[in-house]
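The data below hold one chain only, encoded as structure tokens and taken in the form predicted alone.
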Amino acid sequence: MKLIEDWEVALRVIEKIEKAGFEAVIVGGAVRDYLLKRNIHDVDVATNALPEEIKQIFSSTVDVGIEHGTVVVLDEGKPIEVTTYRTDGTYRDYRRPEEVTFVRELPQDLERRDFTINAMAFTKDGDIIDLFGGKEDLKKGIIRAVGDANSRFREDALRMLRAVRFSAQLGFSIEEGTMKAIQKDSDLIEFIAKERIHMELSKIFVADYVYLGIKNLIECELANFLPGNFEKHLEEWKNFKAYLPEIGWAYLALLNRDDVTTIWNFYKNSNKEKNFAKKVIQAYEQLLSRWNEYDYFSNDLMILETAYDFAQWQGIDVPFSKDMIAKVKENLPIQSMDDFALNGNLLMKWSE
């Protein structure tokens, strides 16, 4: 598998840390995605060196979370986050620990992580350190909490929603004990900042298995505490597929048109997301009667194509193919607002 540049940079950082007499490994989602042969995004390094020791090894660093042990190393041309092994103290508000303690042993660091598939480490020599059965769970296609599931979720309740998100991204099931733990503690999601919930749902909307994610959201009972009537509209998510999160938010707004204000207020959506949803829903509703030339002219291609997708996902038979939308727009007699100065009567005709 061809590795991304960040992975190679991380290995060079690890090599320098080891030459200084410490140990370091790649950890977290990058290891999981490496084993799954998926695209690797963020590559994080963990080490038994303390933050001040890392700053002595490298000439160019930035303190981004030094109180939690994280320093960004810039020496190798691309930024790499390096975090000291740690254990977390007592958690407050089911969100963040009161304090962290730096440790020198990797197992202590890995056992505090959320799920077994995210609790593996990769050494410079290519060995996988797997203390909790992460590789086996990857083979089985399951999301399983590290150690006691309820303890993990009471440390950070957002982990319950992360389990759903990973199921949507990977097509994995949630292991029975982990599922029961989420059901038991599902009400703790109310302690989590809405912005963090928004971020997780945004990732679900662009995942490969959105319908599975929505099903698990319902089965986990998290949907009971999140606006969106997910259980009522479950089957309407069956064919949903999006490449941008705002498409998911617009579709959620469409499914909840009678109470869309609750959606926007709860999830703290941006004006960009709300304006996009408004335009798409208007185009969708106009499509149900019939688009005219002015509809094609006044809406961006993305708005029209998304509205078309909404109709398809809703099981509505549209009497033309999606690729016809771009062709119609290209053949409009007026392509810009400047053209209206030449033929203002045409706008009136389109509006009739």
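The model shown is predicted, which means the values in this text are computed figures rather than measured ones. The numbering used is simple: start at 1 and walk along the sequence shown.
What comes next is about the form predicted together with a small molecule, which does not appear here.
Legend entry - the small molecule in the model of the complex: contacting segment from 228-236, 270-278, 135-143, 165-173, heavy atom within 4.5 Å: Going through the listed ranges, the match is 165-173.
Legend entry - Complete contact of Arg113, Asp156 and Lys203 with the small molecule in the model of the complex (any heavy atom, 4.5 Å): Yes, because Arg113, Asp156 and Lys203 each have a heavy atom that approaches the small molecule to within 4.5 Å in the model of the complex.
Legend entry - Option touching the small molecule, based on a heavy atom within 4.5 Å in the model of the complex, out of Glu285, Asp42, Asp63, Glu52: Partner contact (heavy atom, 4.5 Å) among the options: Asp42.
Legend entry - in the model of the complex, the one of Asn118, Asn256, Thr87, Asn150 near the small molecule [non-hydrogen atom within 4.5 angstroms]: Only one listed residue qualifies here, and that residue is Asn118.
Inset, instruction - Decide whether Gly69 counts as a contact residue for the small molecule in the model of the complex under a heavy atom distance cut-off of 4.5 Å. - result: Residue-level check for Gly69: no, no contact with the small molecule.
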